[in-house]
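Only one chain is given next, in structure tokens, and it is the form predicted on its own.
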């Protein structure tokens, strides 16, 4: 753990220098606030945050940085270290959901949701892989929200910031995401996964230390990059909403498998299997916490496998690349593996013995090559700290 903390602090220092330099080069003055927020891996609990379920994510070391400074006029200027020599400029009063745009909409969504009426310069440096199912969008939103909250002394607590950034992504960007990604990006603690109740945002830390047991959580970026604005995500959430309406319940949280089976005749086949995923996944999260606290990693692996099967078959959000990553990892001896994120591409995780890391990587690479898939990327991360201010003034 000590080596990881030392490396993490070094990377933060280097990233702070980089974004400050880019801010000055682009805008001609020094930023007043630099904030950072992490991406995340969801250990288990997929597609249930918008159903008032429980989730168990942790923050990864990869972070997005936001440097922000006030302006003396009503202009908002946004730039990115990944898109040098390109500045998006508009007036504060022009920020509205109907405005067309691209990646900058995530920044504007936070300004809109937080009702910031002052001109600002914003520089973004995104280090969370895009489209990999690691919540690069929430990292971007939460870094901006953390910086704005400090810069304008807004006084929002972490729960409020989570709800505001979710509202921005839902209503401004148009992605009907749940509350998990923003919550863990803001609330995560180093060394722990976050058991989050998505109904009321109460949470508790669950120690996640696999390394001391000779294990490792391998993250496999399939490089089958996805988009949550293409309708697939929204369709699945709509299916759950229809079930809730038909069964006159507040959310999937109130549904049991017995009640679901007894209601099968009033649901379509698709609605039934979508609801079955939600009910069983909520239960798997609570079982995973029990397994973690008992250090029963065999049981945890079984739950990861069951989660993937449910996402693949009942929720239909996996894809050939994700299935290959999971199957190849299991064939190499992984205790468990599953896709993570919204699906349709992105990343998978595999709980493996650390001594088998290279063998697992080789098995996945061979599997991808046999199907002529784009070569995957691999990395690992210990649970990391949530959003924070890394420079003032």
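Numbering follows the first chain given and starts at 1. Here the structure is a predicted model, which is why all the values come from computation and not from measurement.
Here the subject shifts to the form predicted together with a small molecule, a form of this protein not shown in this document.
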property: Proximity to the small molecule in the predicted bound form, single hit among 161, 300, 188, 134 (heavy atom within 4.5 Å); result: 134
property: In the predicted bound form, the residue from 263, 82, 323, 268 that sits within 4.5 Å of the small molecule by heavy atoms; result: 82
property: Heavy atom contact within 4.5 Å of the small molecule in the predicted bound form, the stretch among 292-300, 135-143, 148-156, 90-98; result: 135-143
property: The small molecule contact at residue 176 in the predicted bound form, heavy atom, 4.5 Å; result: no
property: In the predicted bound form, residue 208 touching the small molecule (heavy atom, 4.5 Å); result: no
property: Contact flag, residue 130 vs the small molecule in the predicted bound form, heavy atom cut 4.5 Å; result: yes
property: Contact flag, residue 278 vs the small molecule in the predicted bound form, heavy atom cut 4.5 Å; result: no
